[in-house]
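Okay, so here's just one chain, in structure tokens, the form predicted on its own.
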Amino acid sequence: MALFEAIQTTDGRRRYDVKSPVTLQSIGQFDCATPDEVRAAVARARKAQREWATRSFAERAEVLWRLVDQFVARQDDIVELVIKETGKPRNEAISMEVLAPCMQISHYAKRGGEYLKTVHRRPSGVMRFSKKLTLVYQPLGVVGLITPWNGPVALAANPLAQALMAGNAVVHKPSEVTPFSAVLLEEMTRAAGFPEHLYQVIQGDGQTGAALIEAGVDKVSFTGSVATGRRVGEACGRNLIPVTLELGGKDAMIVCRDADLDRAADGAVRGSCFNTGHYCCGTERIYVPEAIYEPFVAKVVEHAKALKQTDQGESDIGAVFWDKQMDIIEAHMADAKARGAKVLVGGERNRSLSGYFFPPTVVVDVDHEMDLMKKETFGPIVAIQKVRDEEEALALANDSEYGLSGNIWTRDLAKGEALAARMQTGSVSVNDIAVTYGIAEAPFGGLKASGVGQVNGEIGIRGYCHLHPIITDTTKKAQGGYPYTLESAAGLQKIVKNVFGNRWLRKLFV
């Protein structure tokens, strides 16, 4: 049964019915916004943004603080809705969709003004004697926000807070798989006293997202698959719109010979199974030196077998959020088994439960000929490959078209950081699962097929601005050079020779 189905209409609208992955029952329907409606939303946002941009950082921050109040007051509503849409365990719904947004929004409310404050400085070189440089972070205008289904609240609230604190308005197209969380978020922004039309949600599918890019937005922030990200990037390039693309990953975990195996095994299971494996920087392949391979695998099996999966009450592993993702998980597992992989735990859909459930799975005897080790699986699978040593592990970790994140486990922190610096990936965690996105100050983004640009921290919020230089002449005389003469040309050459031909002087002037 498809969890996201088109419904025949008599008015020409594209209408969809959304089902819970746990109960397989409908949780609601929505109509796709038309291109005209999308353009109208952008026009309303542009009008709202003009007034919003005149507000001080303190005034913008106060609005964001009120949104945090809404998250606190309505956390039960958020959790219940997210569980309906995704089937996440309650603990993960709270930590990812309530706690994390509270932390992220609070960070930019408190520090956004510091990140974006106007800077005054004297330029280097001879210009320092006559010019003053002012750097102003101007908001871009209207941001088109396109978000995925694996973190329907968190992955919307974080860029929303950054874009708004920077002085922009936002038009948001959430995933059609989890559309109703964004409706609740919009309701919360109204209750928080957001100016009308500053944040608007438009429901729809891929065609709606394409219409948003063509509707005259000033930037696109996209989180999603590599395939869709390529199309978004192409459209933004054609329209000369700046874009950040936070795409998929195939994150590697390297277990060093001196690692604390209990801690590393726990990290392997958490990193692979958190959010049912549905997060872009989840651990998808693990490399373990042969010297510690067998005891490590034994501990992983022990951890994985202890996990509980149920559709009633508290569960450690939730549902697969989308039936199409279940197809990918099962296809990758079938390919791995056909190529000789050995399943130690799980391995097949949990058919004892009525919804879309795949159990925590441990697979060994894997290699880079298998889709499970090459393509993004996005499921609760711990895939472990035996290697000679850490150097082979690093080579295999870098042997991927993806490069989003990764993690290294060792008792020698200096060695861990040195290995991390050689990983060809957007970020690395040492002795933890990938936590970069949860550190507000840390830039987050991928290399290779994992994305373009970085989000979060100073670089993230500044990406919603144009860095606007203003040059002011501080002298009281004309700076012109006309008319040109042989004497003036000779004077310029003399400056070049006397200043830049002298090693001491040129260092002084630059």
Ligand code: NAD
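Sequential numbering from 1, following the sequence displayed. All values reported here derive from a predicted model rather than from experimental measurement.
The form predicted in complex with nicotinamide-adenine-dinucleotide is left out here; the points below concern that form.
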- Item | Candidate spot Glu92, Gly267 and Phe296, all three touching nicotinamide-adenine-dinucleotide in the model of the complex (heavy atom, 4.5 Å) | no
- Task: Check each of Ile384, Val232, Ala434, Leu419 and return the one that places a heavy atom within 4.5 angstroms of nicotinamide-adenine-dinucleotide in the model of the complex.
- Result: Val232
- Task: Would you mind picking the one in Gly206, Gly113, Gly340, Gly193 that has a heavy atom within 4.5 Å of nicotinamide-adenine-dinucleotide in the model of the complex?
- Result: Gly206
- in the model of the complex, which of the stretches 163-171, 140-148, 121-129, 393-401 has residues with heavy atoms within 4.5 Å of nicotinamide-adenine-dinucleotide? 140-148
- Message: Please tell me whether any heavy atom belonging to Phe378 falls inside 4.5 Å of a heavy atom of nicotinamide-adenine-dinucleotide, as the geometry stands in the model of the complex.
- Response: yes
- Report whether the minimum heavy atom distance between Tyr464 and nicotinamide-adenine-dinucleotide in the model of the complex is within 4.5 Å. no
- Task: Considering only heavy atoms, tell me if Ala210 and nicotinamide-adenine-dinucleotide come within 4.5 Å of each other in the model of the complex.
- Result: yes
- 4.5 Å heavy atom contact, Gly249 to nicotinamide-adenine-dinucleotide in the model of the complex: yes
- Task: Scan 212-233 and write down, in order along the chain, each residue with a heavy atom lying within 4.5 Å of nicotinamide-adenine-dinucleotide in the model of the complex.
- Result: Ile213, Phe222, Thr223, Gly224, Ser225, Thr228, Arg231, Val232
